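Presented below, as structure tokens, is a lone chain in the form predicted on its own.
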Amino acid sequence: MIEIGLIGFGNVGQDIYRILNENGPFINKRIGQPINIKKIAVRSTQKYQHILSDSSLLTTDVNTIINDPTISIIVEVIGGEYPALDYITAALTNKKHVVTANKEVISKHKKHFFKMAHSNEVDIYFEAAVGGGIPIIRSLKVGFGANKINAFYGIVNGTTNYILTKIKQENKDFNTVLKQAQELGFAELDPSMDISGLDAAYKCSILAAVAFKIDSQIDEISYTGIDAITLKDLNYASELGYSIRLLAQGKRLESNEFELHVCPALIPIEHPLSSVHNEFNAVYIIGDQVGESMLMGKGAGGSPTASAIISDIMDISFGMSQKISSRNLETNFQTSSIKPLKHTLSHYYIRLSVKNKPGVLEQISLQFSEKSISIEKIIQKESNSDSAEIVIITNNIPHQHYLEVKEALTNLSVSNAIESSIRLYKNL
């Protein structure tokens, strides 16, 4: 029998317990021996007694799980950096395998964990940390193992994808859709980590570690959220042949340099990522041998996350009777550098409000010309006697040039405001 200790018993923890009970017979048959949850660490045992048929499984002392010699696998589902970092470190030190869905702690401390696991001849798995139920980590490690991964583009936050979908589909404003998402459980009461792009940035760091074998940290990844995206932008994008998604992007350049950033982006309407709606996640991979591939599935919720966690438990269990291969550990990160955002190239969509008077387009065009920026498309949209709205698509330019022309436009006497500016990816 393989004994498991569970730290945390929220929605994900409860779904792990439920799935192991409902699907236990065929899971155990596949493994060759039973998988059993021996103990569950919680803050309050009274809160969860009604859920379990055997309330003696509950404990408020995490150390009783970490120090139990009969428990082989620790599953951490409490989230956040602390105290999860201490619990995982203690578990690995005690030569226990670890399975976690914690993107923040893995993103920040992956190199530390991999070294600890390797030296203690155990493993740490984190499939559920990115993409919910999508097997993206295992696919990058094993399925695409013969490839040099050249790029990935991921919709890896279900909350923001749901919001962008519903703003467009239901013609509602950002705050109305956010409240709707919170009521349905697709957004937290404090959604700032999702909306700001920080959640996706943690996941971008993890994907980079697995795809590129580099130890990027969150302060090296530029991230921008979706709070400035409006229904107008989504409609204009559609008119121009694009959709808007919050993308986590990683790209291999030359001489061990990489691009890593998270931002809203216009992508061609015919691209597979444009068809990913609501709370679904997807990661689009470009490998040197396999070419282009995309994995899609539910990226949020207790059941998809628990499904990924149990697949990790099963993977560890398959090898319990053999010496650990450590194929899941990245112990040899290559020396790398992350290209500064100001030097990265992109097309840009810019929507600005200007005074409705003769010569405005000429003055605006002059700002781009002085920065050696070509305009691929310029269209005038809504207007009244006082103001007009202009949408501009630039050519492929360095981010620094975009910042310079943005400042010039802001200071222009005929400019009222830059209402929106978004990266545009023509060729993913």
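Sequential numbering from 1, following the sequence displayed. Quick caveat: nothing in here was measured; it's all calculated off a predicted structure. Only the largest set of C-alpha atoms that superpose within 1.5 Å between the two forms is called the rigid core.
FYI, the form predicted together with a further copy of the same chain isn't displayed, but the following is about it.
- By the criterion of a heavy atom within 4.5 Å, residue 174 is excluded from the residues contacting a further copy of the same chain in the predicted bound form.
- Though the partner is left out of this view, residue 184 does not reach within 4.5 Å of a further copy of the same chain in the predicted bound form, counting heavy atoms only.
- When contacts are judged by a 4.5 Å heavy atom cut-off, residue 14 does not count as touching a further copy of the same chain in the predicted bound form.
- For residue 334, a non-hydrogen atom is located within 4.5 Å of a further copy of the same chain in the predicted bound form, even though that partner is not displayed.
- For the options 218, 295, 90, 193, the one in contact with a further copy of the same chain in the predicted bound form, meaning a heavy atom within 4.5 Å, is 295.
- Looking at 176-184, 354-362, 334-342, 71-79, the stretch with residues near a further copy of the same chain in the predicted bound form, meaning non-hydrogen atoms within 4.5 angstroms, turns out to be 334-342.
- Using a 4.5 angstroms heavy atom cutoff to a further copy of the same chain in the predicted bound form, all of 268, 284 and 311 count as contacting.
- Using a 4.5 Å cut-off on any heavy atom, the residues of 201-215 that reach a further copy of the same chain in the predicted bound form are, in sequence order, 209, 212, 213, 214, 215.
- For residue 403, a C-alpha deviation of 2 angstroms or more is recorded between the shown form and the other one after rigid-core alignment.
- Residue 172 shows a C-alpha shift below 2 Å between the shown form and the other one [criterion: core-superposed Cα displacement of 2 Å].
- Annotation for residue 249: C-alpha shift under 2 angstroms between the shown form and the other one, rigid core superposed.
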